[in-house]
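Shown below, as structure tokens, is a lone chain in the form predicted alone; questions about how it binds or moves come after it.
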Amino acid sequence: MERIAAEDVIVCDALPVTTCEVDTAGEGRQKLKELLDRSGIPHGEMILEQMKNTWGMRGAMLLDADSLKRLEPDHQRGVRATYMDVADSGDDRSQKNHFKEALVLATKVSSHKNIIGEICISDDPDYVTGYFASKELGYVRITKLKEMGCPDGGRIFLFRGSEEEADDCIRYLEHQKMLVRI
């Protein structure tokens, strides 16, 4: 356990949620490219190709959205967004809730000024829904981003800014305390 002062905790509202129903993983991938484009993020196909480099990572890739340079200090570990939870923890935590966990994480990640988007595909072989999240578009669930039974998945945090800002972003994602109202 760690003692945390109330004034060190940011409390914010969750990103607005929309759902994009697709029939195939290919359609889901096409929707991701459209969302990247709508968000002013170039190189959609090349960014999606980077997903395979996130499989098995404990954290997320921090990727410069323009140069496609990886910014995380440890490419095996990635960046781990931590110290976040649902503001009202009265719900039953005995069951895994992919959606709620992902919404809290995406809300924290997108709240940093230099994060312009996040892509996530679950590494749970029985869960095929993924998402794109950004301040502007909110949390966009895409119902199929891989085939059932596939264990591959990962996250990419899309960053825009200087190297000094990247260091600040990593500190924020890994250490800033946050509660999210859902």
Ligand code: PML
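Values in this document were obtained by computation on a predicted structure and should not be read as measured data. Numbers for residues come from their place in the sequence shown, where the first is 1.
One more form of this protein, predicted in complex with pimelic acid (PML), exists but is not displayed; see below.
**Student:** Looking in the predicted complex, is pimelic acid (PML) within 4.5 Å of a heavy atom from each of 98, 102 and 127?
**Tutor:** The answer is yes; 98, 102 and 127 each reach pimelic acid (PML).
**Student:** Taking 4.5 Å between heavy atoms as the contact cutoff, choose which of 38, 135, 43, 141 touches pimelic acid (PML) in the predicted complex.
**Tutor:** For this set of options, the contacting one is 141.
**Student:** 115 to 123, 52 to 60, 66 to 74, 23 to 31: which one contacts pimelic acid (PML) in the predicted complex at 4.5 Å, heavy atom to heavy atom?
**Tutor:** After filtering at 4.5 Å, what remains is 115 to 123.
**Student:** So, residue 157 and pimelic acid (PML): in the predicted complex, are they within 4.5 Å at any heavy atom pair?
**Tutor:** Residue-level check for residue 157: no, no contact with pimelic acid (PML).
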